[in-house]
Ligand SMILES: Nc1nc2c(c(=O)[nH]1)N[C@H]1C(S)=C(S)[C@@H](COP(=O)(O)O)O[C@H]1N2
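Taking the form predicted on its own, here's one chain by itself in C-alpha cells.
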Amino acid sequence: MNDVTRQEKHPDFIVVSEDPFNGSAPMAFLVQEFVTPNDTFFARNHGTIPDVDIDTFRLTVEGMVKQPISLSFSELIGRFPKTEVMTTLQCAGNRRQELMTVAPIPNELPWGGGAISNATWAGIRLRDVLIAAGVDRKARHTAFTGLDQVQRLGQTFGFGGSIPLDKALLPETILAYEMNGEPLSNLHGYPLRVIVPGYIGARSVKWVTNITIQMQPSQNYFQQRAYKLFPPEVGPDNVKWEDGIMLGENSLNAVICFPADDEGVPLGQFSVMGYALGDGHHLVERVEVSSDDGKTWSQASFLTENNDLWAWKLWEAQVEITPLTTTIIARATDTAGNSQPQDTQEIWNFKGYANNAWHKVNVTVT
C-alpha cells in the first residue's frame, strides 16, 4: 500500500486488504452525510494504483465506429461540455460477510455493509464522445479498459468490463474527472473514470484509457469470470463460467448502519439509522424496521427528500427494545412494489455477490 494512498483516507477508514488497497468507512459514518466525503468513500481495487502522466494520457475510442479517435485529457475537456450526476456506487460484494455465515466463500473480500458510498461526479457525457466517433447501429456493447495492472490466470492486464450500448448512450453515464468538486485522486481513477449510475461499481472502470464498441460483452476476465452470478447449487468445482449471469444493475437494498452488529442497546424507544438503494429504475418507497423478529414493523422516515434514481436514501426509524430483543431487521420496498428476499440462504452464491436479503444486526440489551 502506498503511504500517499492511505493518507487520502480518514484515520478511522477500515482497510480490508493492503495490497491491493481496499477498504471502507465505519458503518456509522455512512449515515452522517448524504454525500460521502472523499476521505471516507470506499475503495475497491484489484491491482495496482497507476500514477498517470496527464501530459501523455490518451483516451482511445475504437471498434465498431466510423472514425476511431484518440484524445488527450485537455482535448476531452475542451471539446465536450461539462455535466454532473449524483450516484451511489456499490461493490457487488457488499454484505458478503452475511453470506459467508451460510457457507464458506474463499478467496473473496469479507465486506460488511460498508462497500458503498454516494458522490457528485462531474465530467463529460460518454454519449458525446461516442457520437463524435460515430457508432455503428449494429453494435450492442461498450467495453472499457483501465490503466491499472491486474494479474489473473498467469496473465497481466488492465481491469475491464462492459455495459450495454443503450446504457452508454444515456445522458447519466459519464466519463468523470471530478468527485465532489475535486479532481479525481489516483485512488479513485485519476484522470478519468467511467461512472455508470444504477450499475455495480465494477462497471465504473477507473483510469479508463480505451473504449471499444462491439457486438459482444467485454472479454476481460472481470466481465467473463469475476463478476458473475450463479445459483446456490453451483460451486467452484462444477461451475460453467459461460452459464453465469453478468452482473449489471443494482438490487433493491436496505442496510442498518446504527447500531452496529453485536452492539449494546438500551430498553425502550431506540433510534435505528441506515441507507437504502433502489435498482436504478424505481425509487425506494418505504423502509421498515423490526425489533421483534418481524412480528411488527416500524416505518422509517427518510432523512433527505432526494428523488435521484441512482442515489441512496438515508433513513431513521424508532423501534421498541424489550428484554426479548436479540436482532433488529430492516427491509425496503420500491415504487413498483418490489421487496427484498427474506433469507440469505435463498440468494447464497459461491462468489458472494448481490446480497440484498433483509438486513439483520444482532444486539445485546443493556
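All residue numbers refer to positions in the sequence shown, first residue = 1. In this text the structure is predicted, and so the values were computed from the model without any measurement.
One more form of this protein exists, namely the form predicted together with the named molecule; it is left out here, but the text below deals with it.
This chain is drawn without the named molecule; in the predicted complex, the residue among 280, 123, 244, 201 with a heavy atom within 4.5 Å of it is 201.
Between the options 228, 127, 193, 141, the residue in contact with the named molecule in the predicted complex by a heavy atom within 4.5 angstroms is 193. The chain is drawn here without the named molecule; in the predicted complex, the stretch among 308-316, 295-303, 323-331, 42-50 whose residues come within 4.5 Å of it by any heavy atom is 42-50. At a distance threshold of 4.5 angstroms between non-hydrogen atoms, residue 113 is out of contact with the named molecule in the predicted complex. Not displayed here, the named molecule is kept clear of residue 252 by more than 4.5 Å at the level of heavy atoms in the predicted complex. Put simply, residue 148 is close to the named molecule in the predicted complex: some heavy atom of it is within 4.5 Å. For residue 188, a non-hydrogen atom is located within 4.5 Å of the named molecule in the predicted complex, even though that partner is not displayed.
Taking a 4.5 Å heavy atom cutoff to the named molecule in the predicted complex, the contacting residues in 73-94 are 89, 91.
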